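Before any questions on how it binds or moves, here is one chain, the form predicted on its own, in structure tokens.
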């Protein structure tokens, strides 16, 4: 087809239709976001909209109808852009789903309508975020006096909490270690089910891939702090709840990292082993596993490093570790003891970062 890139020209009519549908969906979402944010900024500066974005005094049903009109207008705009792309240039959705038109390759962003739209969308997002998050640089720059006590305590740490801090710091490290150790075998098994290149054989395997990926994405989307609150209500306050919270999140994170590494393996050894008539487990054992073990080890060590940092925050809600005694001292304003605990955490994280970096260098 004229104007298509070489890759797009080789697609079947069905693939082009699917790509076009994806482009329209992406463009509809982007245009709806742009319209909604533009309206939000206009109403915010006119004083008719609160800082959180809700229309002042408006009924919820009217809000829903209003945003329905925005979605409809965005869909119409996406359709027009895709129908008249010969004159308007490739839309953002078209460029993402099918690649830009051949005539646009090599053009700078400011030479295309798509580039200007993305630039405006970024600006709208920034200013909308500024208002929604209620950024107040004036307060930050003029109220240093309130922070003087905090800074004084942090630079003059107290030794009263040193012993207890060291004991709970050890618990923090082991809390992260146990969560990572429990996550390794589960993530290792799930990663093969979540690798696209290993699940193309049948409709069942593709369904397993979709379910596994979706489940891991959902699990990873929920912060460890939320998982900690869930497990605290389940098993009670203490480090075991923290281990479970970090374990769940680590399984999802490691499954993603492991599966993406499996998807990037060299297919040659796998094809060679398949040609010998080997069974699926033999193909995985001799064709896949030897290629992924070194990066798997590197990812695992890096995850342990992350879990040590996360375990500090987990302790704020009763998940054990040094955060369990850090939170009350912050609430009471005992900044000297806070400074001691913060220094212990910082030194530990720094040492672990050095050690894990050295180990990853040796593995890779």
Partner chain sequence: MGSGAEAVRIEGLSKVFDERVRALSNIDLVVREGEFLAVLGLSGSGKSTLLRCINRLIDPTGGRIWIDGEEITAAKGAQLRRMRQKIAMIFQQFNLVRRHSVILNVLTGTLGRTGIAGSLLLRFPQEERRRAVAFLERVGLGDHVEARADTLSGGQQQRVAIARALMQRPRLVLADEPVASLDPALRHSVMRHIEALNRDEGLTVLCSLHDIDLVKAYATRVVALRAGRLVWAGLPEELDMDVFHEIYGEDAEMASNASL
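Keep in mind it's a predicted model, so treat the numbers as computed, not measured. Numbering follows the first chain given and starts at 1.
Only in words, not in the display: the form predicted together with its partner chain, which the text now covers.
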4.5 Å heavy atom contact with its partner chain in the predicted bound form for all of 196, 200 and 207:
no
Contact between residue 275 and its partner chain in the predicted bound form at 4.5 Å, heavy atoms?
yes
Partner contact for residue 116 in the predicted bound form: its partner chain, 4.5 angstroms, heavy atom:
no
With heavy atoms only and a cut-off of 4.5 Å, decide whether residue 158 touches its partner chain in the predicted bound form.
no
Would residue 282 count as a contact of its partner chain in the predicted bound form, using a 4.5 angstroms cut-off between non-hydrogen atoms?
yes
Tell me the stretch among 250 to 258, 116 to 124, 215 to 223, 290 to 298 that has any heavy atom within 4.5 angstroms of its partner chain in the predicted bound form.
290 to 298
Sole residue of 236, 138, 106, 268 within 4.5 Å of its partner chain in the predicted bound form, by heavy atom:
268
Considering non-hydrogen atoms and a 4.5 Å limit, which listed residue (84, 286, 130, 177) is close to its partner chain in the predicted bound form?
286
